[in-house]
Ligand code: PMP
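Given as structure tokens, the chain that follows is alone and in the form predicted alone.
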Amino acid sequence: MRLSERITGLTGSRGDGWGLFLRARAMIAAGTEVVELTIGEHDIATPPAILAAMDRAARGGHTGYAPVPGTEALRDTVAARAAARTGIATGRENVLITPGGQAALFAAHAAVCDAGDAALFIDPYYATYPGTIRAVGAKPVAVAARAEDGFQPDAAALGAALEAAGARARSLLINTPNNPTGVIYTRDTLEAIARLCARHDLWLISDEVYDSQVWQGSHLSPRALAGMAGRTLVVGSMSKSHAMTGSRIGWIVGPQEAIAHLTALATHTTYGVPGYIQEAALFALEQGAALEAEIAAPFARRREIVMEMAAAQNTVRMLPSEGTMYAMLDVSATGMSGADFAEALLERAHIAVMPGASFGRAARHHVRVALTVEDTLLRDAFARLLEFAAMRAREKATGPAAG
């Protein structure tokens, strides 16, 4: 039987970028010890107090259908968080609760793109972005941010892509703090993006799931910029900020009319998020910034560890990590692509990192290291990665040693 082109073509000709991760998991299943520095999964469980709130809610009867747009209390709390961070008046009518950030990304594109429309996004990108856009029938258009520009999006490149797309350009997806690069977009970058959105009548979809992991500088939501609240859909999530990855709870913040239509979409797709999970999320958010800082603290500390180690050698160049739980490494001095380096590192050293090419062409000379194991293990694995890179660089310069 024939399957739809929309489903069979989701990942495109390049695949979905998860090949090395799946090979590492297969090695572990076969009994090989592998240090996994691949996906953004905390090395701690969801805090016990949040789980206790979830348990109380479930045992208290919050196991039936919950309101599709989310409970009023949770929407009010997310709205207050958004208002505090942007200075833009926000009410529950501006908030839809979703089953995680990924569902929010899908819903946001479904809200603003028709079949055949061009949906732009920045390369490097989180691996699901192109498939999410294809899933709503739109055409993904990647616009490269260059390593030599610190992976800040370039207004001229975006403008050229928009001119090429013409009237079919409908949306631009950005992610700051950025996965995979760790870069935080500057005010100048975001203001240039805002001007382009106004000029080309674009919706801006702003993925801000790492807004609690800021190590250098500050995070600015583009929704806070003049004229942008009416054309911006902000995607948020409890996954990174509260170590609730498996609970699958996130949100979209946007204009009231868009949220009303997105609620109708949720009614016909997810039918909302379980009430006991919403109650746990409400409890978690009510703990305030102190809990978010506690969850983020290990990654700030590990960033310092790898930055210090990277600074003590001259083979691998670490991109300045301004936020998120990742380190982005330029391995071009080894003479290898990021993909070849990651494959060899897994085979020889049993360390799994993500090839930069998993996140687009712009990062093909890089690998992404997730800072998601305890400090001692991370220090050991990173030292072995650097030693491996130095050996490969020497071989490039002199040829492989005999034997």
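As the structure is a computational prediction, the values presented were derived from the model and not from experiment. Sequential numbering from 1, following the sequence displayed.
This protein has a second form, the form predicted in complex with this ligand, left out of what is shown; the following refers to that one.
Screening S239, S212, T315, T186 for any heavy atom within 4.5 Å of this ligand in the model of the complex leaves a single hit, S239. For the options F299, F151, W203, Y129, the residue carrying a heavy atom within 4.5 angstroms of this ligand in the model of the complex is Y129. Although the partner is absent here, I122 is not a contact residue: none of its heavy atoms lies within 4.5 angstroms of this ligand in the model of the complex. Residue contact with this ligand in the model of the complex: T77 places no heavy atom within 4.5 Å of it. This ligand is not drawn, but in the model of the complex it has no heavy atom within 4.5 Å of P222. When this ligand is considered in the model of the complex, T270 lies well away from it, no heavy atom lying within 4.5 Å. With the partner left out here, this ligand still marks one of 97-105, 77-85, 275-283, 188-196 in the model of the complex; by a 4.5 Å heavy atom cut-off that stretch is 97-105.
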